[in-house]
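There is one chain below, alone, in structure tokens, taken in the form predicted alone.
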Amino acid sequence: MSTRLLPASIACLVIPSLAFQCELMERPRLLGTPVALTNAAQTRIVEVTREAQVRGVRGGMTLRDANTLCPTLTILTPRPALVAQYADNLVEAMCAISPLVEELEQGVVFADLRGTEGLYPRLDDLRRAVFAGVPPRLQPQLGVAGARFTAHAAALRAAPREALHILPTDAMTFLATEAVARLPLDLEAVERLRLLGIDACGAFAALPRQAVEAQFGFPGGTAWLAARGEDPRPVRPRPWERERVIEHVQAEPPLVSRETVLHAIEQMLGRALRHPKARHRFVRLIRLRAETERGALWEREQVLREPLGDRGRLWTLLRSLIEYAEFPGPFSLVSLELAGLTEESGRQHSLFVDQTRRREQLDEMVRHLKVRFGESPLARVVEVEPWHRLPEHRRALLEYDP
């Protein structure tokens, strides 16, 4: 472990059990009491606090069994809208230190640190900068390494509110005990490895690369490099996340009918297009997000085939996303995001538009003549024997039939 960061490092911010931590953040009075989080169907226990574990409550239990073991157990249900809000805050915290940020999943965010060596020369500098945008009660964990898989593993092993830095020379040894299930392999490949008795990255990395790629293809080779601390996958930020405009509507009372939702979105679209960032610019991505009073989340995202700047066309697209959608309940908060803003002011047309139009006109004329005379009056030249010594044998005339 080193306190000085190396160039071309990758940082990974992890919040284990983000949904559970979000609920505990919103209910500080539950601190130190037995608490459990259910699944979305509210049938089984997913996460528990240490106080609940002491009383025998475990993940996977039914609610009835958990209440029998611990009558004072507080059972919480997940709120996707709340989790999405905190997940967005984690992305913003990483964007504050690097422009190259990728969200792997809610609660796991990567950042490429290239070019930030002067701002954060040491691990403590980076840790303070990242954690400044994350509530301490979320128990954030930070990992830094030369490859993304190693950084992710380091973040999972880091202590709460701490950072762990793994040098490239120590990466293979550090990853030796990691489960192969964490590698970028599909479930079938992981099961095949387990049947062969290969459960850890160390055993997997000891295999010949050619044999691994022969069995698992290109993904197997990528996973083999990752197990050795040489993960070649870069941090892939979404290009349209940098330039965006977001508008919100807080509804009181909640929006019940589809017409009121459409009216609210139409108003937000007008405000968003009048924003200085969006004025005289074109949109590549539209994202709608709505939350109910009970924390249910409704989302729609549309990547545009070509950038649009016309309000009428954007509104037609938004209305199509709403008119036939099923809502989880009345909306208390609605958000509209216009992303991927670009200066593009026109559409690239084909260089051969006139030629294509003339060909279509010719085909239409030939079809009319064929109907009138019973056969096509035109023929086309095709190569038959281009190597023949006699010119008349090299090509032939065939009926032109569009």
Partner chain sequence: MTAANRGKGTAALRAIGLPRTLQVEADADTRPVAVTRAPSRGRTGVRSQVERVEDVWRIAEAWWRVGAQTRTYYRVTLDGGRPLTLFRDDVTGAWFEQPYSAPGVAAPR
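C-alpha atoms forming the largest set that superposes within 1.5 Å between two forms make up the rigid core. Values in this document were obtained by computation on a predicted structure and should not be read as measured data. Positions refer to the first chain, counted from 1.
We do not show the form predicted in complex with the partner chain, though everything after this point is about it.
S.K.: Within 4.5 Å, heavy atoms only: does A379 come near the partner chain in the predicted complex?
M.R.: Contact check for A379: yes, within 4.5 Å of the partner chain in the predicted complex.
S.K.: Would F218 sit within 4.5 Å of the partner chain in the predicted complex, counting heavy atoms only?
M.R.: Residue-level check for F218: no, no contact with the partner chain.
S.K.: Can you tell me if L6 lies within 4.5 angstroms of the partner chain in the predicted complex, counting non-hydrogen atoms only?
M.R.: The answer is no: L6 has no heavy atom within 4.5 Å of the partner chain.
S.K.: So in the predicted complex, is the partner chain close enough to E375 to count as touching (4.5 Å, heavy atoms)?
M.R.: Heavy-atom contact with the partner chain at 4.5 Å: present for E375.
S.K.: With the partner left out here, which residues of 377-396 have a non-hydrogen atom within 4.5 Å of the partner chain in the predicted complex?
M.R.: Stretch hits, in order: A379, V381, V382, V384, P386, W387, H388, R389, L390, P391, E392, H393, R394, R395, A396.
S.K.: Taking the rigid core as the frame, does F218 move its C-alpha by 2 Å or more between this form and the one not shown?
M.R.: After core superposition, the displacement of the F218 C-alpha between this form and the one not shown stays below 2 Å, so no.
S.K.: Relative to the superposed rigid core, does the CA atom of R258 travel 2 Å or more between this form and the one not shown?
M.R.: The answer is yes; the displacement is at least 2 Å.
S.K.: Aligning on the rigid core, do we see the C-alpha of A325 shift 2 angstroms or more between this form and the one not shown?
M.R.: Yes, A325 moves 2 Å or more.
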